[in-house]
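The data below hold one chain only, encoded as structure tokens and taken in the form predicted alone.
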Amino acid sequence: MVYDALIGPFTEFEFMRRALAAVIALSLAGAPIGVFLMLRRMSLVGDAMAHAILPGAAVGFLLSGLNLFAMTAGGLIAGFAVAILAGLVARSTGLKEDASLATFYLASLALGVTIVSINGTNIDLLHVLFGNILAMDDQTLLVVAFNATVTLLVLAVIYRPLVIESVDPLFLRTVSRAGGPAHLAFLALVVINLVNGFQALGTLLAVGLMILPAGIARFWSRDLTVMICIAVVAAALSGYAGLVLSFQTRVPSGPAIILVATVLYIVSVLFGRVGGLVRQMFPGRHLEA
């Protein structure tokens, strides 16, 4: 009974195995990005960029259907365009960068929904917004795995300046010029991973598999390496449990994955070792002299 419920779907159905492999790839790449977004207090920037890629991805979807190359190219172009325009406006007018980015991402979201609504169907709109990881084919899975590999390699290269800039950007500017390139490379990785999660979870939920696991890790450790490991495990576990929940019920796969991650987050808020509510209510006994 337990085998049939928890393991059987993945041994019997190839589409479930592809979905699980995609979730693991997204977890390995997206969760570390989410930890750095949280560490750099850029969590809402990730959400904004997830909406910003919608017009380009929607155009690619309508022109080529479920062609991940077209959707990825469109999403990357739209994401980088919004990031560059928001930065230019912020530096030219004195407007805060977060306010500028909020304006552009709202406009992008409205434009993307309009494009799909006018030229597509309600099913197209739902697919673009919420994705369908169970419909992933081998070609799409290879692209997701490739993007995840590139993300991990680039993250390994920029890891040290990225950590230092997150903690003390002024110190990094005094000892090295790597801060600027590392920041730009990190923003590129954010966009790539949001587009990478587009097919699986859609634009509205792709950022969830990045931010929620990072929030979970925050309540269990203060060590960055441990946080990244916890976030990856939490993301993969959420993906696995979400797929099982979706298979056994009528809950769509994307929302099911995010709902499981939300439950893990709530458990972490309550019982986490670092700042959990129960831990604060019943602190351990301190050593006495």
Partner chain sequence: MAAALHFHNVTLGYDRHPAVHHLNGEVAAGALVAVIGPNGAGKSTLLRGIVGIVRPLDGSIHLGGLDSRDIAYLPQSAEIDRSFPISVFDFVGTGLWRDAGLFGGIGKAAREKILRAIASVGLNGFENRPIGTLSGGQMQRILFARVLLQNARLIVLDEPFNAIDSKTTADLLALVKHWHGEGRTVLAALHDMEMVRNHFTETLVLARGPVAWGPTAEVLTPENLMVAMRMCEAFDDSAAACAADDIGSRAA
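What you are looking at is a predicted structure, and each value in this text was computed from that prediction instead of being measured. Positions refer to the first chain, counted from 1.
Here the subject shifts to the form predicted in complex with the partner chain, a form of this protein not shown in this document.
This chain lacks the partner; the member of N147, S166, N132, T140 within 4.5 angstroms of the partner chain in the predicted complex by a non-hydrogen atom is S166. For the options L264, A236, A70, L224, the one in contact with the partner chain in the predicted complex, meaning a heavy atom within 4.5 Å, is L224. Across the options 74-82, 209-217, 188-196, 170-178, residues that bring heavy atoms within 4.5 Å of the partner chain in the predicted complex belong to 170-178.
Proximity of V157 to the partner chain in the predicted complex: non-hydrogen atoms within 4.5 Å are present. Among heavy atoms of R41, some come within 4.5 Å of the partner chain in the predicted complex.
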